[in-house]
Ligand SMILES: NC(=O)c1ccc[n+]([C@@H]2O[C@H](COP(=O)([O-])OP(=O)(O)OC[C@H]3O[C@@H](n4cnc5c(N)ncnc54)[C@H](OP(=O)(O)O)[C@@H]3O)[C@@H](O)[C@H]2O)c1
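Coming up is one lone chain in structure tokens, specifically the form predicted alone.
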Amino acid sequence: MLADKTILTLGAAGGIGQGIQRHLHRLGARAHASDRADLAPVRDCAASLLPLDLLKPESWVAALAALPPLDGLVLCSGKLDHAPLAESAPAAFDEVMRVNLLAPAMLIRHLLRSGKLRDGASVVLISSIASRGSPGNAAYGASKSGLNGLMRTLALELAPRRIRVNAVSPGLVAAGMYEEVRKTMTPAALEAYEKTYPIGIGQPADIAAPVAFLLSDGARWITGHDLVADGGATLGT
């Protein structure tokens, strides 16, 4: 499915990121892994390990210099600040916006300007159903909504080069930010929330599979699309 495609996953050390990284490797991709966190957990399924901090753009040139031209890019990093707007600290709000929106935009800009994205490449942004509105997640929801807007704009801007840009919006997945979500709820509240998912909460593999599809040639006519993977949680909203 992805044999011989060169793909970079940013955020490969996270829960969903690890699931994506391993799935791409299994499908035959030359799957490069990047994160500011420890990449040791994905060493066995990575063509190379690229330590990179999204908040330090001055380091990107050196970090990505040896990276070959890409057929695919997955941006999977993210930060959660669980607070309604009235209680959100400006500094915390700003950091969420920088990590989830500004830095990914500038990293894509860097890869375009440095010639690292091939014509015909596929870019997949990991968004969230929180972009549709999520009480208590003002900064996170706003950042992911902005990411979807960026995705649609890039899909139009890069269409002349046949570079496709799409998003996958997960619901609650038992990995990564799941532990942060659990800390904000009582056990009873968490149980009630999980019941709002008609076919249950997700696993990393449930996000990795649609990401791989969007990276593949089977999705060659799909661009500017937000693929919601949420076990039916947003049905009727």
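Nothing here was measured: the structure is a model prediction, and the numbers come from that model. So that there is no doubt, residue numbering starts at 1 and follows the sequence shown.
The discussion below concerns the form predicted together with the ligand, not included here.
M185 falls outside the set of residues with a heavy atom inside 4.5 Å of the ligand in the predicted bound form. Residue contact check for L24: none of its heavy atoms lie within 4.5 Å of the ligand in the predicted bound form. With a 4.5 Å cutoff on heavy atoms, G72 does not count as touching the ligand in the predicted bound form; it lies far away.
The closest heavy atom approach of P104 to the ligand in the predicted bound form falls outside 4.5 Å. Note on the partner interface in the predicted bound form: the residue among A63, A37, A189, A209 having a heavy atom within 4.5 angstroms of the ligand is A37. Shown alone, this chain has one stretch from 113-121, 151-159, 126-134, 86-94 that lies within 4.5 Å of the ligand in the predicted bound form by heavy atoms: 126-134.
Interface residues of 161-189, taken as those with a heavy atom within 4.5 Å of the ligand in the predicted bound form (partner not displayed): P170, G171, L172, V173, A175, G176, M177, Y178, in sequence order.
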